[in-house]
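In structure tokens, one chain follows: the form predicted on its own.
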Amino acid sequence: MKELLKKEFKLTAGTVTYIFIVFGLMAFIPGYPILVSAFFVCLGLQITFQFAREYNDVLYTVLLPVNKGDAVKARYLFCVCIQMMSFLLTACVSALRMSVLRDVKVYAENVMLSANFTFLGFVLFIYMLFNVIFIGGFYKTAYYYGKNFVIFAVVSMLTVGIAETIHHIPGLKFLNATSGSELLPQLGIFACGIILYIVGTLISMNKSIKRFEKLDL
């Protein structure tokens, strides 16, 4: 497994995928739907899948003396690592906006979703959608990915729209708070994001392993 993961990072991954990690810094942008940053990170991962298909990486990998299931696990772990690298950047930026930069005018008067626990919970939710819809869909054939990414793109953009709308609803303004006691209920959303990400990714990975092991490549 360790060697397969090394292969993913050193051989399979597209350079653009690593560049897209820094899109987590988009959380610094005021007056912008910063949740889109999660979509761009997933777009970078999709490019790796595209490169891998063109290089016939799936067939190359299964010809190695490795278990087919481990090949799927390595790809999932690679994607999780990239997502967590970008998430760490996003979390650091969010911490700055909620503390040092909290009273800066462009952030204090921001009408869009703020960088807070609600935002971080939705970021993890979009990552989960990618792992379930795109990666899980890819391993139905281990070749086609276009339709799966379109579905993911539509669902993720709908999620961004919902996240940017709900905090404007009377009674739900606390979802956009960056300080005070209003952060406490946001922690529930963040916790849900963590749970959904972990559970959704694990379920998707296990289903993908079963599908891939049945494929005749």
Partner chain sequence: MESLKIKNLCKKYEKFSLKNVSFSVQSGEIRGFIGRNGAGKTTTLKSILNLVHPDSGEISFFGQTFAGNEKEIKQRIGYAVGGTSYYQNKAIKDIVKITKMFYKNWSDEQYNHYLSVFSLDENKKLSELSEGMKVKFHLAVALSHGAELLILDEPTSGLDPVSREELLEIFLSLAEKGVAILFSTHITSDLEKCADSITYIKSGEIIATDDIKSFTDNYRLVEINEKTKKSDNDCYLGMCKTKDGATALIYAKDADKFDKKLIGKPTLETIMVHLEKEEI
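The model shown is predicted, which means the values in this text are computed figures rather than measured ones. Positions refer to the first chain, counted from 1.
There is also a form predicted together with its partner chain; it is not shown, and the following applies to it.
Visitor: Of the options L64, I47, V150, I166, which one has a non-hydrogen atom that comes within 4.5 Å of its partner chain in the model of the complex?
Guide: If I apply the 4.5 Å criterion carefully, the residue I get is L64.
Visitor: With its partner chain left out of view, choose which of I162, L184, L59, V154 has a non-hydrogen atom within 4.5 angstroms of it in the model of the complex.
Guide: After the contact test, the surviving option is L59.
Visitor: Is K173 one of the residues lying within 4.5 Å of its partner chain in the model of the complex, judged by heavy atom distances?
Guide: Because no heavy atom of K173 falls inside 4.5 Å of its partner chain in the model of the complex, the answer is no.
Visitor: Look up in the model of the complex whether Y55 has a non-hydrogen atom within 4.5 angstroms of its partner chain, and give yes or no.
Guide: Yes, Y55 is a contact residue.
Visitor: Does any heavy atom of T17 come within 4.5 Å of a heavy atom of its partner chain in the model of the complex?
Guide: Flag for T17 set to no.
Visitor: May I ask you to check whether T12 falls inside a 4.5 Å heavy atom distance of its partner chain in the model of the complex?
Guide: The answer is yes: T12 has a heavy atom within 4.5 Å of its partner chain.
Visitor: Among 99 to 107, 113 to 121, 82 to 90, 67 to 75, which stretch sits within 4.5 Å of its partner chain in the model of the complex, heavy atoms only?
Guide: Comparing against its partner chain in the model of the complex, the contact stretch is 67 to 75.
Visitor: Who in 1 to 38 is close to its partner chain in the model of the complex, meaning a heavy atom within 4.5 Å?
Guide: Heavy-atom contacts to its partner chain in the model of the complex: E3, L4, K6, K7, K10, L11, T12.
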